[in-house]
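Coming up is one lone chain in structure tokens, specifically the form predicted alone.
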Amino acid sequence: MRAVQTPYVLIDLDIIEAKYNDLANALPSTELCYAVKANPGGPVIERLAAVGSSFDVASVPEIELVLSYGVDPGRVSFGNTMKKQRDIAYAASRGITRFTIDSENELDKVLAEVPNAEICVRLFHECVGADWPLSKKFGCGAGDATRLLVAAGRRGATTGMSFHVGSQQRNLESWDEPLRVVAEVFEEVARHTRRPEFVNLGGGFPGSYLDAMPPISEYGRAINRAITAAFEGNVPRLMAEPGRYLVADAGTLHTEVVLVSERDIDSRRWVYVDCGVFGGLAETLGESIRYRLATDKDHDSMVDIVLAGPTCDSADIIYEKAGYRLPATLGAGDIVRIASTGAYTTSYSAVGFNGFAPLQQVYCGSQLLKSNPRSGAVSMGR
């Protein structure tokens, strides 16, 4: 493997493919639409397209990225609930007909451009049990969802519903309540127009961080039980939007120690590395996502540390309260490997804050396809 300067994330494409297959086995007969925002690396899209994934996109550039790898537009869902009219028109011009909404104005925008659209109405959910919960920015209540589905159905659209239980969801029963509500909404809509045809189960499937999580097979069993209970013998077409689960564990972030500081203002050592909150570790804000750390000196005695990034910003502290420990012998130039960093790192990395370059991504895996020059990716052997 040739040397690459830190910081960088090494992505193993074989792990992504294995994760996709495991989730497909856990949720049979469910169309898996990879949430591109989790990691938009070209080789990631290429590998997932090759194994049959569909895709959830949030913008025109994501549409262009996915289609550039030969993905059928019928396998692309424009899942952002707030879209410019011209972006909807562009998506339609490329053959995309799936759109998610949560308001009447957005429904009007979509149907003005795509009369034959497949309309997905997003239901609001509280996301209890998620490490990275979602806010009221997305989704509407059951009453609004019913009205939107009736309106869309009467205008000739194919309809369905989606929800999201929150990213890194720990509670296996989190799908029970939203599925029950969705089933009730479907029954009500069917009294006024054509019954909705599909349910998008969203994401929430976890990566492997500091705390142990149930295997994906247990998520599958829990969700399948909830689907059966909610819909009894009338199960609709199913979709899901995995992002984190597919790519998180495939990535290892390599970051170099810049400074180890001991000061009388704190009994702990401060370890500064060359990738921080603004360089790709944004999900450590509030220490919500707690990654696993490793070094080549982990056999040495360990000491309490604070881990911080390299920028001149006081918010660039990665871990201060979570009780992390690193080797007492760790010093400048040593490498800290941060596991399960394949999701929401390179895509969150700032563009040139304090002059630091965006976090780069490199790839390994069997049958590694040569990187498309459009992706800016670097390919690496094992």
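Keep in mind that what you see is a predicted model, and the values were worked out from it rather than measured. Residue numbers run from 1 along the displayed sequence.
Missing here is the form predicted together with a further copy of the same chain; even so, the following discussion is about that form.
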Tell me, which of 95, 156, 215, 141 has a heavy atom within 4.5 angstroms of a further copy of the same chain in the model of the complex? 141
Of the options 287, 266, 300, 211, which one has a non-hydrogen atom that comes within 4.5 Å of a further copy of the same chain in the model of the complex? 266
What stretch, of 66-74, 312-320, 47-55, 24-32, brings heavy atoms to within 4.5 Å of a further copy of the same chain in the model of the complex? 312-320
Please tell me whether the candidate spot formed by 175, 195 and 340 is one where all three residues come within 4.5 Å of a further copy of the same chain in the model of the complex (heavy atoms). no
Evaluate residue 253 for contact with a further copy of the same chain in the model of the complex, applying a 4.5 angstroms cut-off between non-hydrogen atoms, and reply yes or no. no
Look up in the model of the complex whether residue 249 has a non-hydrogen atom within 4.5 angstroms of a further copy of the same chain, and give yes or no. no
Please check if residue 260 has a heavy atom lying within 4.5 Å of any heavy atom of a further copy of the same chain in the model of the complex. yes
Heavy atom to heavy atom, is residue 170 within 4.5 Å of a further copy of the same chain in the model of the complex? no
Within 318-356, the residues that have a heavy atom no more than 4.5 Å from a further copy of the same chain in the model of the complex: 344, 346, 347, 348, 349, 350, 351, 352, 353, 354, 355, 356
